[in-house]
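Heads up, the chain below is alone and in the form predicted on its own; it's given as structure tokens.
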């Protein structure tokens, strides 16, 4: 009990410390931006530490509310310090975001003429390049399809080793689980467009680079989705088959796989839908397909050609979205 309390206090301390460092960091940025007063970064850390110790000790901080509640935190949020501190952080975050992004409504409403060329192209597409555009679009669709197909078997196998309920609670089992989960998280956190840049240098510009980029990202994403589905299966059939003396492989085949087929198919179709949309983006960095064609036409300021390509991409994405939604709906009912 004592160890749990110490752990909770430590968690509350670091929660408050990060909270106040973030808040003072935002204030420092705004002061530097508006008044050109250069304060040292160490000021943020010191201020954060002082505020953390004071409000944590007073029992009114956010960390205390989450981990070690007190009589000062267990009342309505709008009558507490931690509640209003969250409001302040949200407001400051919005202001900092507005400043960093350089939001300018005046430019948006007064410089519409700058977008006149592309708007004209969208509503007056050039049908002369229809065949060439359809060819590039087909390349994009098949690029996404192959990326998904190559990713499925790899993600399928990895998902069993990334499921906490299937890995034995041994040093080896825990190591395998942590390693696969960590790699999947790392690869998924790197966007497909970054992978496309890497593979464009590796194998050269073209659809193959785009396919490899989407495949790597799909393996990581599907491994996560598949493994989480395994972790939510009914444990009854698993225990029943284990009781018969079945091997681990037999348990997976006869108790796990029958429960995950339908959701796996739904996840896979959804991933292909995502890959079709992402294939356009990876084309911008050399991944081939209609994205590369769109980039080339945009750089040449051929807005009527850009307009046609945009309409084709929108049509394919809409068809894919409607179709995949219907298929997933039917699979859920199975």
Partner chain sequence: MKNIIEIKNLHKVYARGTHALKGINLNVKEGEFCILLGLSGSGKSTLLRCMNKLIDSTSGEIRICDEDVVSALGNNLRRIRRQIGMIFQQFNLIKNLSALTNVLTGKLGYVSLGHSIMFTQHKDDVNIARDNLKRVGLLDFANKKVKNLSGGQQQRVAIARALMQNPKLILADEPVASLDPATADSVMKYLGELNKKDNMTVICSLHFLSLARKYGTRVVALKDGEIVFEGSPKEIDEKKFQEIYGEDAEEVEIK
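Numbering follows the first chain given and starts at 1. Keep in mind the model is a prediction, meaning the values are calculated, not measured.
Although not depicted, the form predicted in complex with its partner chain is the subject of the following passage.
**Student:** For the interface check, one of 164-172, 244-252, 146-154, 112-120 should have non-hydrogen atoms within 4.5 Å of its partner chain in the predicted bound form; which one?
**Tutor:** The contacting stretch is 244-252.
**Student:** Just to confirm, with a 4.5 Å cut-off on non-hydrogen atoms, which of 191, 128, 228, 239 contacts its partner chain in the predicted bound form?
**Tutor:** If I apply the 4.5 Å criterion carefully, the residue I get is 239.
**Student:** Is there any non-hydrogen atom of residue 234 lying within 4.5 Å of its partner chain in the predicted bound form?
**Tutor:** Yes, contact at 4.5 Å.
**Student:** If we define contact as a non-hydrogen atom of the residue within 4.5 angstroms of the partner, is residue 97 a contact of its partner chain in the predicted bound form?
**Tutor:** No, no contact at 4.5 Å.
**Student:** Determine whether any heavy atom of residue 83 comes within 4.5 Å of a heavy atom of its partner chain in the predicted bound form, and answer yes or no.
**Tutor:** Residue-level check for residue 83: no, no contact with its partner chain.
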